[in-house]
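In the form predicted on its own, a lone chain appears below as structure tokens.
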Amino acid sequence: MIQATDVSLVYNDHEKQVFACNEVTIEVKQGEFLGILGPSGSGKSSLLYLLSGLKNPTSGTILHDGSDLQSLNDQQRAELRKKRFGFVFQQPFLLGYLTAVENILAISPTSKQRAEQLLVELGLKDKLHRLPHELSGGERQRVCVARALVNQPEVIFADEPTAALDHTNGEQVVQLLNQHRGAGSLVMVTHDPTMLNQANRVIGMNNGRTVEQC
């Protein structure tokens, strides 16, 4: 589904080249839960941004269903992310003046029934019309999970989605993502190996390179 070949992402830091990713080759297979594990600064989030088209590689190629992501313009990449990808980030980025349901509909104008159904399935039956400040951290992240799932995406990209949660809530968020992704793939970045117990594959990263695969 997604194939990255020899991709690098290079930043200039005071005239010094810093490799966030360094000639990484990786494949995201259809329907799998792929974990990307590594410490802070290892390049794992940068790799996720490359695979999802949020960033362009400095070198190398990234194919999605055989099409080169770099051949798409900004609007085309935005449409790809909106219609075929879902995202969950470390912090639950929600609009404070909108309810849980409205936050989903603001990002994806799907049916209200679908949004409400997902929130109910994620254990928020009594919180549909609560504002973000009326929800706990775990509940806010579950709203973000529902938002990522609402379009039944081909791939969900999760960047440290449990880092701001306690262990129990973190495990619950991962379980919900895995249970409700349907036929879609899940690519999850984390520094905590216990959050990847359900993964089909785990790839380790350090210093911008893959260091292990299991």
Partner chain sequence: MNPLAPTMFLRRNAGKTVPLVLVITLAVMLIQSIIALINSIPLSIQTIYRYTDAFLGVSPRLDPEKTPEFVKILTTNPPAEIEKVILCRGSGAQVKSIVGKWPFAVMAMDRPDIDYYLKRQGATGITGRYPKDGEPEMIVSEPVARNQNLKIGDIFLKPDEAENFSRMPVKVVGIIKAERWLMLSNKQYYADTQPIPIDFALVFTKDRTKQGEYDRWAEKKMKGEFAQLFAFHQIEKQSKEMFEVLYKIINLVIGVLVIVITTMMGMLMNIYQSQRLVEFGLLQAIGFTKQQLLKRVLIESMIVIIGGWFVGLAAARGVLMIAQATLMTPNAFALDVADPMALLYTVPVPIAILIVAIGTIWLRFRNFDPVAVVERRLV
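Owing to the predicted nature of the structure, the values given are computational and were not obtained by experimental measurement. Numbering follows the first chain given and starts at 1.
Although not depicted, the form predicted together with the partner chain is the subject of the following passage.
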{"query": "Region of this chain that lies against the partner chain in the predicted bound form, out of 29 to 37, 167 to 175, 52 to 60, 180 to 188 [heavy atom, 4.5 Å]", "finding": "52 to 60"}
{"query": "Residue (of S136, Q113, S71, Q75) lying close to the partner chain in the predicted bound form, criterion heavy atoms within 4.5 Å", "finding": "Q75"}
{"query": "Candidate site S45, T99 and R147: all three near the partner chain in the predicted bound form by heavy atom within 4.5 Å", "finding": "yes"}
{"query": "4.5 angstroms heavy atom contact with the partner chain in the predicted bound form for L122", "finding": "no"}
{"query": "4.5 angstroms heavy atom contact with the partner chain in the predicted bound form for L118", "finding": "no"}
{"query": "Touches the partner chain in the predicted bound form: L95 (any heavy atom, 4.5 Å)", "finding": "yes"}
{"query": "Contact of A106 with the partner chain in the predicted bound form (heavy atom, 4.5 Å)", "finding": "yes"}
{"query": "Residues of 80 to 97 having any heavy atom within 4.5 Å of the partner chain in the predicted bound form, listed in sequence order", "finding": "R81, K82, F87, F89, Q91, F93, L94, L95, Y97"}
